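Coming up is one lone chain in structure tokens, specifically the form predicted alone.
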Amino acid sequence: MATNNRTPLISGNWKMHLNHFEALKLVQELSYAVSTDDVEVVDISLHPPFTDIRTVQTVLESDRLPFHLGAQHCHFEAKGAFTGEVAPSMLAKLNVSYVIVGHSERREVFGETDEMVNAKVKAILANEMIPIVCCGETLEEREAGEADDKVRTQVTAALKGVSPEQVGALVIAYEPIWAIGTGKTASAEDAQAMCATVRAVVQEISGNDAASQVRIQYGGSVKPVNANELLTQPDIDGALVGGASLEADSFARIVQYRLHENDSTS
């Protein structure tokens, strides 16, 4: 198990699922499935679609639930003629704490560039929220031996112009693109090796303190059955969870990964 002072962050990325009634139901179910003991050792963020954020904010605050509110995306401009986009300040007003940036689906489907990701990181930080900066390689890049270079390039670009203090306080999510939504998962050894590479890049860019403080998540078909093996690696500080975050029981079991170290052999 990792021996460091970094509190793991387990983030549920709901993607384009759940209307606001369904979101409310899931949060209420999670409030029963996750205990006070769990949230003393793990941070939890929930990332609903934009149309659900106000509903989730209201229930979190009115019921004093120990979950952080997150968003999946934002624009980097403060305002303007950007139909369909949401400004960082709008999210901040809803008490959003974490914003996912540069998810592979945003890069691959919507054409987000490294430069756009960097602009979003800076805008999110300027609005006193925490970016969860995503990076990861395709299967073709991995098989060609280009995984390290791809991740190094993405992390370096995302952190350009960001102070070491800010880097230490943010989150980086390593998500191999070939493992997202496919049911395939990187082995614990491969996930650890790539997260160690991410930390090494942070050290090169921002120094030892930032590298020791930054939290690095693994994402890509994380489930209760593999959570313990993945999340007890020394350089993995949590998970960015997709499909398994849409069910309270499965997400709670990932949050409680320390209790399920034998799941992978059962």
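Numbering starts at 1 and runs along the sequence shown. Everything numeric in this text was worked out from a predicted model, so none of it was measured.
The following text describes the form predicted in complex with a small molecule, which does not appear among the structures shown.
- Considering the small molecule in the predicted bound form, the lone stretch of 34 to 42, 52 to 60, 205 to 213, 221 to 229 in range is 221 to 229 [heavy atom distance within 4.5 Å].
- Just one of Leu26, Leu46, Ile236, Val241 comes within 4.5 Å of the small molecule in the predicted bound form, counting any heavy atom, and that one is Val241.
- For the residues Asp148, Asp114, Glu105, Glu141, the 4.5 Å heavy atom test against the small molecule in the predicted bound form is passed only by Glu105.
- Although the partner is absent here, Lys15 lies within 4.5 Å of the small molecule in the predicted bound form, judged by heavy atoms.
- Interface residue remark: Ile130 is not counted as part of the site for the small molecule in the predicted bound form, having no heavy atom within 4.5 Å.
- In the predicted bound form, no heavy atom of Ala119 sits within 4.5 Å of the small molecule.
- The small molecule is not drawn, but in the predicted bound form it has a heavy atom within 4.5 Å of Ala179.
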